[in-house]
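Only one chain is given next, in structure tokens, and it is the form predicted alone.
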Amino acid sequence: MNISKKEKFSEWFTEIIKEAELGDLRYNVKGFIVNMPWAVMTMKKMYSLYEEELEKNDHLPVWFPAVIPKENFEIEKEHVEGFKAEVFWITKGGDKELEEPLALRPTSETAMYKMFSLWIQGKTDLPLKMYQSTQVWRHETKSTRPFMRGREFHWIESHCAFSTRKEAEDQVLQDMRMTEKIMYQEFCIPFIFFERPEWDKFPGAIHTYAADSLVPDGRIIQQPSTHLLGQNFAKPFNITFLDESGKREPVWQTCYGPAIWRMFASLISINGDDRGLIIPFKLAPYQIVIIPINPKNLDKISKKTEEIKKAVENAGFRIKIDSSAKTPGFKFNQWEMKGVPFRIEIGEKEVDSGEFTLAKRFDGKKIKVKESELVGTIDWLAAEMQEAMLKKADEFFSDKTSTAETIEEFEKALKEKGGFVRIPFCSVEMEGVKCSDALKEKFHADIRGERFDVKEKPKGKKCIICGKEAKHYVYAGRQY
């Protein structure tokens, strides 16, 4: 690639999608793309890790219909208002008008909770914890960007019901721990969990907590959010259980949405470099590629590459032999572009000596490895690679937070560094929305909320917008 990620991130991101064959943007419906094999193979691994973790935490998989009756969708008024502008409506079946329009699923609360009311009767039916890996469709009116913001995106959504608020609050904390374990530790995507301000909650929620990450140009990209729904859906959908006293009580609910599609955008953005993708070892479609080098004795080299492939596969790794007619240099660049973690180079010299060249994608270094030590070396190098990727991601992320106590300082921080800017702010309740709107209008920046892990209360500070007494430290920035 001839584009610097650091200097021209937006151009780099567009180019990597094309050159690494991640998505084809030529599909002739605005906001929709064709997800290409290399991206899908990677995202399937991402799905698998997340689904395994959900099921370890007692979530069960379901598949719900993609369409939602209008009557379901309108039961919870705040929810329908929050999504009204984004819903795709199906009004015809063939040439006939439908008796009632069907919503193409923008999210599944109104589909699932109608069924929850049938499934939950007594306390023994609780807790109920379900998830589905699926697509959702939203008529996004802002600019679309592949994997970041589109009209169709791929995600997991988890929906839970409990008999007490405490259990629901504990589930929110568990959602946060899953985000840390999978998105950060496995996908190498750092983040901060923010409690969203009142005006930016998920429609119908009591509280919304969202994991915000960053891309190299300093813009914010929202990752999984988890929502304490309370009883706001349970009451209108009549999701109740019979308690010990024989009284019917509404359940307490949560929902959680790890957007794999958007995580893939962060994985590309944070971990890639000017040569292309760098994919964590567990997620790479092929973890090792074998490149035969200038084979004069093709049969001899082919036999050895097959032996190596079999040994590596038997150890549980995903490996490919590139025996195409392309030059070795072209193959090196191609597989580096696609982010394959390790490359084994095999020529006649290597076959005769029993020692192979192993190239590492992460740092570009090459080492010599004996055939008998190959599997063990790949194993420990994979662990080393993960540790190095996390360290690099942390270094990038830690430098992207500033503090500003005046509008002038805020403007300077956004311009020079981007990322998160910590500011004193008047209120995260609805009265603060005017200041939020003013900040957005002037700087195209959004209030992300208070840090969930550290609730800071400013002393003697003024809101940088209205000048009233500041009650909170919030974080703001420009988002995708």
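From 1 onward, residues are counted along the sequence shown. Values in this document were obtained by computation on a predicted structure and should not be read as measured data.
Same protein, other form: the form predicted together with another copy of the chain, not shown, and the subject of what follows.
Contact check for residue 57: every heavy atom lies farther than 4.5 Å from another copy of the chain in the model of the complex. Of the heavy atoms in residue 72, some are within 4.5 Å of another copy of the chain in the model of the complex.
Although the partner is absent here, residue 332 lies well away from another copy of the chain in the model of the complex, with no heavy atom inside 4.5 Å. Although the partner is absent from this view, residue 356 stays clear of another copy of the chain in the model of the complex, with no non-hydrogen atom inside 4.5 angstroms.
A heavy atom within 4.5 Å of another copy of the chain in the model of the complex is found for exactly one of 364, 376, 122, 93: 93. For the candidate set 202, 281, 137, 184, a heavy atom within 4.5 Å of another copy of the chain in the model of the complex is found for exactly one residue, namely 137.
When contacts are defined as a non-hydrogen atom within 4.5 Å, none of 274, 340 and 399 contacts another copy of the chain in the model of the complex. Just one listed stretch, out of 27 to 35, 440 to 448, 426 to 434, 408 to 416, contacts another copy of the chain in the model of the complex at the 4.5 Å heavy atom level, and that stretch is 27 to 35. Heavy atoms closer than or equal to 4.5 Å to another copy of the chain in the model of the complex belong, across 111 to 133, to the residues 111, 114, 115, 118, 119, 130, 131, ordered by sequence position.
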